[in-house]
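Presented as structure tokens, the chain that follows is alone, the form predicted on its own.
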């Protein structure tokens, strides 16, 4: 596998757009630091293309809404797909939104740890992120 560049890859899925809003702000924040960043919605992106970007990136950021106190099915499926590749020497962070019950971020953190990523602090927001919460993602 090639050497990672000063680059990040943000992947997410969303249920009611809250996680999508977070992904956009996180991407904007990374870019504002002069780091190349790619953003992918798992539902309308080619997973093989995402994997190529992750291989070239130093950091992967994964976002999911909570569903039944776990991660969204597409995010779980993608992390299973990524587990088979197991790219070395990567940092990773999880983020997500929830309504009644948390669980997605904790589940993603566990998956990322199992893949031996250096897991960075995660971010979890209840319901729709407000302006102040979005500013924290920059």
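Positions refer to the first chain, counted from 1. Predicted, not measured: the structure shown is a model, and the values here were computed from it.
One more form of this protein, predicted together with a small molecule, exists but is not displayed; see below.
Among residues of the shown chain, residue 69 is one whose heavy atoms approach the small molecule to within 4.5 Å in the predicted bound form. By the criterion of a heavy atom within 4.5 Å, residue 91 is excluded from the residues contacting the small molecule in the predicted bound form. Put simply, residue 18 is close to the small molecule in the predicted bound form: some heavy atom of it is within 4.5 Å. The closest heavy atom approach of residue 58 to the small molecule in the predicted bound form falls outside 4.5 Å. Here the chain stands alone, but in the predicted bound form its contact with the small molecule, taken as any heavy atom within 4.5 Å, falls in 96-104 among 96-104, 78-86, 33-41, 50-58.
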